[in-house]
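Just one chain follows, in the form predicted alone, and it is written as structure tokens.
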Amino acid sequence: MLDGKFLDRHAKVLFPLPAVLFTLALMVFPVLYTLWVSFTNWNLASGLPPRFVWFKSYATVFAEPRFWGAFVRTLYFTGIAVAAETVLGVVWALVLNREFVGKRTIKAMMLLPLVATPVAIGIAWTLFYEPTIGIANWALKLFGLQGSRWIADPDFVLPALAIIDVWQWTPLIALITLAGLAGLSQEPYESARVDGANGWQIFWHITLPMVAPAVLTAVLLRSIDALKTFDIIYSTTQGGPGFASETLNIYSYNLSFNYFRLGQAAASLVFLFALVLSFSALVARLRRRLGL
């Protein structure tokens, strides 16, 4: 039995301990279980129990051109989405960093895409992109432009999906950047104006370097999330047309629930986990080298 004095001395550790252990179990167990499954040949279609085969599942997955196609599409989708979100988010934050009528209303409206359900967003944008009655082609025709097949076009489906991601997540980068701008000291700006610096010079040499840590943090968060994007893609295209929008997450889902190749699906997910971890380490190293 624990006496009262022991509890009093270690209260700071004992009270949060159950929550910490539960959180660790919730995070560590799925990772370890997926890692174990990736070393097996588990295939539900065969009806046989999983058998430990070391790296054979990885070799099988890496030998499939479809896997490498999904890998390239994952990087492409993440690159164009995060790049557009970063540029638009920083510009938006710079605009909102000024005082003007309706600023609070606009900041409140920025939160709407962030709180919307991803599946509902996917369904709404599917209707938006519909080639015959969708608003997207209607808007193009207003300006005399030719309509597009959007998510039905294999060559344009990933940029079309990236537009959805940009619409939903640009406000996040804008809000993080805006928080960074709010904490900047005004002394460098006053010195720069006294020295005759123009607006572009102030932005490039003062604002951007000082707000860079906040922007890099936002880019890291968005890149990790974009690499793992599933719900938006699955609710709109399910990886189609063909395999044109099949990313690593969609590919792993298809291996698991359509082909029942659980061992190889787990190997693909472990690869995706390593990719996300490597990217996070790369950005963290970049921040240290830049002294941010």
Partner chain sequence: MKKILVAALLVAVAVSMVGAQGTVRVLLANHPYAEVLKTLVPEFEKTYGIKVNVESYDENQLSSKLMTEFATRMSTVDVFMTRPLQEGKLMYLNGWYENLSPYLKDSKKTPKDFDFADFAQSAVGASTYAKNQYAIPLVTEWEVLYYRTDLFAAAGLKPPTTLAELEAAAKKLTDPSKEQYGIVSRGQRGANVTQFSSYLYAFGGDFLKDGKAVFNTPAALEAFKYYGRILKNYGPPGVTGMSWAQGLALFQAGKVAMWTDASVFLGQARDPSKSVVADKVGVAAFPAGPKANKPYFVTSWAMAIAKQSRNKETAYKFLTWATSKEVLKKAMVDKGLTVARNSPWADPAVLALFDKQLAATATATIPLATGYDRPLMTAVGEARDAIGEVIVAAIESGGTADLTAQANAAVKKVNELLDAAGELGK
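Worth saying up front: this structure is predicted, and the values here are computed from it rather than measured. Numbering follows the first chain given and starts at 1.
Although not depicted, the form predicted in complex with its partner chain is the subject of the following passage.
- The partner is absent here; in the predicted complex, the one residue of Gly79, Pro131, Pro188, Pro209 having a heavy atom within 4.5 Å of its partner chain is Pro131.
- Residues within 4.5 angstroms of its partner chain in the predicted complex, judged by any non-hydrogen atom, belong to 141-149 and to none of the other stretches in 80-88, 198-206, 141-149, 156-164.
- At a distance threshold of 4.5 angstroms between non-hydrogen atoms, Tyr259 is in contact with its partner chain in the predicted complex.
- The closest non-hydrogen atom of Ala45 lies within 4.5 Å of its partner chain in the predicted complex.
- Not displayed here, its partner chain is approached by Asn254 to within 4.5 Å at the level of heavy atoms in the predicted complex.
- Taking non-hydrogen atoms only, Gly240 approaches its partner chain to within 4.5 angstroms in the predicted complex.
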